[in-house]
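Single chain ahead, by itself, as structure tokens, in the form predicted alone.
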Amino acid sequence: MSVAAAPSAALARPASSLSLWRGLRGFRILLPFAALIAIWWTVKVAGNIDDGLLVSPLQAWDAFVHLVTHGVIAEYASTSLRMIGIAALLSMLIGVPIGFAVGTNRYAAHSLEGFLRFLQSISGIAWLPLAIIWFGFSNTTTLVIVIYSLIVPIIFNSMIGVRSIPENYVMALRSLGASRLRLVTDVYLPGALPSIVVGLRLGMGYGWRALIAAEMLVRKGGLGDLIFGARTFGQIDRIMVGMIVIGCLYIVVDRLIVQPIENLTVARWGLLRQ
């Protein structure tokens, strides 16, 4: 009986060690945030800073609870998430086919690579003044700015993904009489998908910042509108809460949606180009 129980006890130890490791990993992730809050509290208390310049973490927490219980955070956050979601969907539907069309043509890829890098270097925020002149203070302005910030990295990375696929794969299918549609579904799409997801992840980062900036100026709702409106009335606690919510929402979207998709595509198709 004692011999039979030994393997189960041996298996239990690695499981407990794995659980402890995951707990320590979670603690390490939260440690920088805890350190930031501690610094924030120390600066506020030791510096005896007026509430009109900086509030304490506890005051920010009270403001957060108030905004949540009254549905303010949910309303503004849903506006921002809906806008970034629509922009991401439209950017993928438009940007991926353009990237494929450019990537499959060697001359077009060489001609447009510099132009796409040029556009990528111009932040969507830089287009805000022109967008406001063209479309006014409307949701259209915000949507155009966010789509621009998203679509350029998606087109560029889709093109790079297609161009990095070994030509042997394409030639092999062509020798077997494969159609262009078959090449897209069996070679180009699987081979370029990891790069497409990387482009989406980069675009989401650029687009999220552009979205907040556009909401501050357009003032049609969203977390940027919340922060800018709080500035008007000197509500420092609401500004701090809005900033924290912006960062937390981006982490949630990136870690729970974009990163798992990236991990799956790299795990399944990431070796295709090697």
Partner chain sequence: MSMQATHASASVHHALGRIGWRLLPAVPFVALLLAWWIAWELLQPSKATLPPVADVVDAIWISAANGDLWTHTLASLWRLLLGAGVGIITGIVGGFVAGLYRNVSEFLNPLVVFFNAISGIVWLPLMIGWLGIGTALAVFVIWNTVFFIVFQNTVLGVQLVPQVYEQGVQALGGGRWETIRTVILPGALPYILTGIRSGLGFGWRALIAAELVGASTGLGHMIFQAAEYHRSDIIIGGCLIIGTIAIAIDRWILLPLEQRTIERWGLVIDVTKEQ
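The term rigid core refers to the maximal set of C-alpha atoms that superpose within 1.5 Å between the two forms. Just so you know, these numbers come straight off a predicted model, no measurement behind them. Numbering follows the first chain given and starts at 1.
Just so you know, the form predicted together with its partner chain exists too; it's not on screen, but the next bit is about it.
- Using a 4.5 angstroms threshold between heavy atoms, Arg82 stays clear of its partner chain in the predicted bound form.
- Proximity of Arg231 to its partner chain in the predicted bound form falls within the 4.5 Å heavy atom cutoff.
- Interface residue remark: Ala63 is not counted as part of the site for its partner chain in the predicted bound form, having no heavy atom within 4.5 Å.
- In the predicted bound form, no heavy atom of Trp41 sits within 4.5 Å of its partner chain.
- In summary, the region of this chain contacting its partner chain in the predicted bound form, judged by heavy atoms within 4.5 Å and restricted to 170 to 178, 96 to 104, 82 to 90, 113 to 121, corresponds to 113 to 121.
- Residue Met243 is the only one of Met243, Val45, Leu58, Val68 with a heavy atom lying within 4.5 Å of its partner chain in the predicted bound form.
- Of the residues in 218 to 253, those that come within 4.5 Å of its partner chain in the predicted bound form through at least one heavy atom are, in sequence order, Ile227, Phe228, Arg231, Ile236, Ile239, Met240, Met243, Ile244, Ile246, Gly247, Cys248, Tyr250, Ile251.
- With the core held fixed, the Cα of Arg209 is displaced between the shown form and the other one by less than 2 Å.
- If you fit the rigid core between the shown form and the other one, you'll see the Cα of Lys44 move by 2 angstroms or more.
- Relative to the superposed rigid core, the position of the CA of Ser56 differs between the shown form and the other one by 2 Å or more.
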